[in-house]
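One chain comes next, on its own, written as structure tokens: the form predicted on its own.
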């Protein structure tokens, strides 16, 4: 009994020590995560300008958000952004990983070279692309050179100040048009697509590293067996590489979706939601409403939009896990 009592006492001492070591993290989590979420929920039910006492308004802030054309437009913009950026960044990341996994000369240099944009500050990247996207910048210069090779002429585009949507461009090519008042039919604007290119360029290398790590874990014997059976490189990719990459692909798609929905920095630095609201995002609107950047301070309204956005992220993540994870369970 004395021995059991001694072991029990020692176990309690170890448990106290463990909680003592964990206490700084637990306190920070409770205060700055759980506490802030509860505070934001409280504020979302009030009208508050940060300087006066909050005034209870119930769910009015949530109703305002759903009635706001800018907020709905922001969600439509971010939907286009998420669909296109997640698809292309995943496709390019897989392509680069497969190519750089092969024994090619200088692959270590290329891995470092391609990964460099991912570790560069978003502010620096934004300023570089802003400079390239100028009407007299390198993008227009390159396009004019390409057009000249084929005997054509390129009219310089204001990449960061062009609200024309993709579907508008297609309609105009066939002699039609879509009115600017019908913003929900425009598709992503030229400016929004320019930011998408920037996002794909800077995020694909990070996911490339993740796919490279996954490729290392694929047993070489699978490829050897496939070669003996007469499978060429293309069949090996579709039947072995791609299925074995599905678990990490789920992670990449989920992380990419969450990152895209929370897109803020490029809009804040380069477009401020313009032109004509074609690059508005929910996070940028939460920022402007909470701090009163473009009008009166409405912290409660901003908090309500933040909770709506959190629900949307949860729903998107759940749907992705439901339809993608089921196909990865065998791997």
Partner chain sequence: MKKVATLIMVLMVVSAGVIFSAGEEEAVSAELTMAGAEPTSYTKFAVEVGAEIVFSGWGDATEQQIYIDGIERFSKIYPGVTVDYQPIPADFQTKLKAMMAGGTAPDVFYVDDQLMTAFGSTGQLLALDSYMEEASVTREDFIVSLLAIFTHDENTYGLPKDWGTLGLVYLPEAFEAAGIAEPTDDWTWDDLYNAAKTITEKTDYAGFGQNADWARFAPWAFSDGGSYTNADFTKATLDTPVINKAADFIMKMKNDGLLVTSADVGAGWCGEAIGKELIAMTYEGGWMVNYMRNEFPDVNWKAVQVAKSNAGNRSNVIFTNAIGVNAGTAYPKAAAAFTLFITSRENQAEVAKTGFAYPAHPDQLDLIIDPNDRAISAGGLVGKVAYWGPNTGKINDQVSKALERTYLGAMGTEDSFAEADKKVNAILAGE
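Positions refer to the first chain, counted from 1. Under this definition, the rigid core comprises the largest set of C-alpha atoms superposing within 1.5 Å between the forms. Computed from a prediction, not measured in an experiment: that's the story for all the values here.
There is also a form predicted in complex with the partner chain; it is not shown, and the following applies to it.
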### Task
Find the only residue in 43, 270, 57, 297 having a heavy atom within 4.5 Å of the partner chain in the predicted complex.
297
### Summary
The one residue among 221, 108, 155, 136 placing a heavy atom within 4.5 Å of the partner chain in the predicted complex is 136
### Query
Should residue 187 be classed as touching the partner chain in the predicted complex when contacts are defined as heavy atoms within 4.5 Å?
no
### Query
Looking at the partner-bound form in the predicted complex, is residue 283 within 4.5 Å of the partner chain by any heavy atom?
no
### Message
I'd like to know if residue 80 sits close to the partner chain in the predicted complex, meaning any non-hydrogen atom pair within 4.5 angstroms.
### Response
no
### Query
Does residue 35 make contact with the partner chain in the predicted complex, using a 4.5 Å heavy atom cut-off?
no
### Query
Counting only non-hydrogen atoms, which stretch in 22-30, 49-57, 302-310, 35-43 is within 4.5 Å of the partner chain in the predicted complex?
49-57
### Message
So, a 4.5 angstroms cut-off on heavy atom distances: do all three of 98, 207 and 265 pass it with respect to the partner chain in the predicted complex?
### Response
no
### Task
Could you run down 163-183 and flag each residue that has a heavy atom within 4.5 Å of the partner chain in the predicted complex?
163, 180
### Query
Does residue 311 move its CA by 2 angstroms or more between the shown form and the other one when the core is aligned?
no
